[in-house]
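In C-alpha cells, the next block holds one chain alone, the form predicted on its own.
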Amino acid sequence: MNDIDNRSVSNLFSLKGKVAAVLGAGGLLGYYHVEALVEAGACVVAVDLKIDELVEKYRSLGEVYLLEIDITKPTSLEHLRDYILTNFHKLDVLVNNAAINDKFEDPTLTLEYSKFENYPLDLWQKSLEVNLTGTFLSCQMLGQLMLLRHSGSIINVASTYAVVAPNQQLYQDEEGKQLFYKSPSYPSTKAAVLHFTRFLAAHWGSQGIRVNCLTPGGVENGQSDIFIRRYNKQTPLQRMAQPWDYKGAIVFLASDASAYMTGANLIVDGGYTIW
C-alpha cells in the first residue's frame, strides 16, 4: 500500500487489526462505544463491574470479549492487562467510560443530601474512587501495554460538567420546586479527568501514545418532559443527544484520523457549553 492509500479517509478511520478495551461497557454510552469500534474493524474487550447481564446484549456485535473487572482495584486491572497481553499481545485503544452518579439509599432524602451543605463525605469519596482514581489506575495499568509498542490512543470520557457548572434549575419541577441538586462530586471528578488527560498527553507524547478527552452532552434517557424541554432550550441544536451520537467521535479519536491530536477535549454537546 502506498502513502496515498494510507492517507485515504477510509484507511485513516479504519480500526482493522486494532485491539481496543472499553471500560464501563455496561453504561448508557458504553454499548455504542463498543459498537462503533467493532464496526470500524476493531476487536474489543468490553469491561464492566457486572458483566452477566451484558452477555445477551453484546452477542450480536461480533468480535467482543466480555470481562468482569473492578477498575478501582489494581489487582483486577492487572488481570485485565494480563488477559489482553495473553490473548491479543497488544492494546491499541483504551476508552475510559466507567463512572458513577450519586445514588442515595433513601430517595426521600435525595433533595436534602444532594445539596452541597449536606452532601455526605462517603459519596464524595466514592465518586473520587471510581471517576478519577479508576481512570488513573486504568491508564497506569493498561498504558503499560501501549508503552511496550510506543503506540496507542487513550480516550477519557468527561462531561459538559467538566467544562461548565450544573444549572440547578434543570432539576426543578414545573412550579420551580427543587427536586434534587446535581451534587459537587460528578462535576469535580470529571473536571479532574479532563486535566489528568492533559497531564498524561504531555507525559506520554514522546512515547507515541495519544491521550484525549471526549466530552459528551446530556443524553436522553427517560428524563421528565420538563427537564428535556429546559435542556433543549439551553442547547443550540435544541435537543438532547441520542447515545449513538458519539459513535463517530469515538472512532475519530481511536483511529489515525486524529493522529496529530493529543491533550485535546473533543466537545460533542449540541452546543450546550457555548452559552
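On a predicted model such as this, the values are computed, not experimentally measured, just so you know. We number the residues from 1 along the sequence you see.
Although not depicted, the form predicted in complex with a small molecule is the subject of the following passage.
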| item | value |
| --- | --- |
| Options 112 to 120, 95 to 103, 138 to 146, 172 to 180; stretch whose heavy atom lies within 4.5 Å of the small molecule in the model of the complex | 95 to 103 |
| Residue contact check: residue 72 to the small molecule in the model of the complex, 4.5 Å heavy atom | yes |
| Residue 29: touches the small molecule in the model of the complex, heavy atom cutoff 4.5 angstroms | yes |
| Touches the small molecule in the model of the complex: residue 158 (any heavy atom, 4.5 Å) | yes |
| Heavy atom of residue 88 within 4.5 Å of the small molecule in the model of the complex | no |
| Non-hydrogen atom within 4.5 Å of the small molecule in the model of the complex for each of 24, 49 and 217 | yes |
